[in-house]
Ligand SMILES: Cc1cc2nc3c(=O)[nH]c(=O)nc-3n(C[C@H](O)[C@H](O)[C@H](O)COP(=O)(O)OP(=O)(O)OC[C@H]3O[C@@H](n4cnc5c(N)ncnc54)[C@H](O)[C@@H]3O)c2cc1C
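The form predicted alone is given below as one chain in structure tokens.
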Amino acid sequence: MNDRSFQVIVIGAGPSGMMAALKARSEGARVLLLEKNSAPGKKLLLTGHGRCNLTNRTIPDTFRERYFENARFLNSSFHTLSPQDVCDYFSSLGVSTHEEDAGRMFPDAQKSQAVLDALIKKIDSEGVTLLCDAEVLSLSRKEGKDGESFWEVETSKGAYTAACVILATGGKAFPQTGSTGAGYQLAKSVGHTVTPLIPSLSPLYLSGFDGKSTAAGNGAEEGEAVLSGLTLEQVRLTLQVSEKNVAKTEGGLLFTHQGISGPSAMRLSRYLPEGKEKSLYEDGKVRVQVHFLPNLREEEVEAKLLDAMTSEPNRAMRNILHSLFMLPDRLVGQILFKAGGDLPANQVTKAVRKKIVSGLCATTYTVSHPAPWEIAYVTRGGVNIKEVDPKTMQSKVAPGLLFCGEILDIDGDSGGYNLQHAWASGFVAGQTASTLSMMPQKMISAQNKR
């Protein structure tokens, strides 16, 4: 075997690729790990705001809702490598972990660098061949002189061959880290299809937060900059497209100078119109409705408000809203400004009271445009999972080709869910590739047809 021939080649040294390479090597395969950046794990360093949210202990209970419509695909890989297995694995590498709110697991060192350093050290000690600054140019299946086929990977540093190839190139989110979507083209070149790609887990850009327009339907005469930096612990958001409710979420919310962010808003981003539907933004047909009191129905809010106004008719509406609902002063002021109700209670008409209630329960903003890929955390869409065996991560289209991580049409919620998918799918892909690479190529083809 020459220095350009391996049993397994892993393309992409992100979280899933590093895990795949390490697992394949631990099973005895000779492994080449290719990375087009000058060093591995560039995107890993950004996870968890630089603290690396490794996984989430609530996955057994929140599985379906946190991985959306394609959650079932992950059943087998999560059974093979559970969140506890992930914690145990990193503990074996010297990275101890602790649990924070909502089941999120972090390294005790509170640094993504500690996780990356442990993985690189393991890659070196296990004898995985890591080649950086190696951009993959093409991927093809070749026939050898003995009649058996193999994979050839053409890179900027020459061609390499292997019995199995694992595509772990990531998605399109954060392209500045190297995730430019190049892996999708490689997958297409060997017969795979790719579902539409949408920036996910990204902030929502809203009209009115740039001072050029106002909140939809509320008659504001000035921009929403006054709310920038305001954080709310729990709200309900509803995304509306062409007056139809598309998705609802609940959670924390952060107002920014460009719109809204935080878990609830970022979760909605995966449902924003893309492609041919982009004209909907220009027509003002993409909106997000905010219910600032999600634990109360609108009629309950109105009843509480009317009772307070009747009991204290001379009290300022601003003070009544504060004492009733404990909302931040800036938000209360904005709601009253739009309703024209920053007055004593006995001067507020029924129509104005209705506007105040609407502001509390159904303030509606227009989404101006989707966020760019540069600030999206993950990619919705990818290699069609119908073309991949969920038990092995092997392609159903091309024998000896496997996938793991974000290149697949799998996206999870924030909170460690996407890294859990990366670790688990990489682990399974590496295990499968090692086994396949030690079989005659005709047997790999036969396995693929089952």
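Note that the structure is predicted; figures quoted are calculated from it, not measured. All residue numbers refer to positions in the sequence shown, first residue = 1.
The form predicted in complex with this ligand exists for this protein as well; it is not shown, and the discussion that follows is about that form.
For this session: Identify which of 378, 260, 356, 367 has a heavy atom within 4.5 Å of this ligand in the predicted complex; exactly one of them does.
Result: Result of the distance check: 378.
For this session: Examine residue 199 and determine whether its closest non-hydrogen atom to this ligand in the predicted complex is within 4.5 angstroms.
Result: Contact with this ligand, no.
Exercise. So in the predicted complex, does any heavy atom of residue 90 sit within 4.5 Å of this ligand?
Worked result: No, residue 90 is distant from the partner.
Exercise. Can any non-hydrogen atom of residue 46 be found within 4.5 angstroms of this ligand in the predicted complex?
Worked result: Contact with this ligand, yes.
Exercise. Is residue 13 a contact residue for this ligand in the predicted complex, using a 4.5 Å heavy atom cut-off?
Worked result: So residue 13 counts as contacting this ligand.
For this session: Establish, in the predicted complex, whether 209, 287 and 360 all lie within 4.5 Å of this ligand, using non-hydrogen atoms for the distance.
Result: The answer is no: none of the three residues contacts the partner (heavy atom, 4.5 Å cut-off).
Exercise. Just one stretch in 295 to 303, 324 to 332, 114 to 122, 135 to 143 has heavy atoms within 4.5 Å of this ligand in the predicted complex, so which one is it?
Worked result: It is the stretch 135 to 143.
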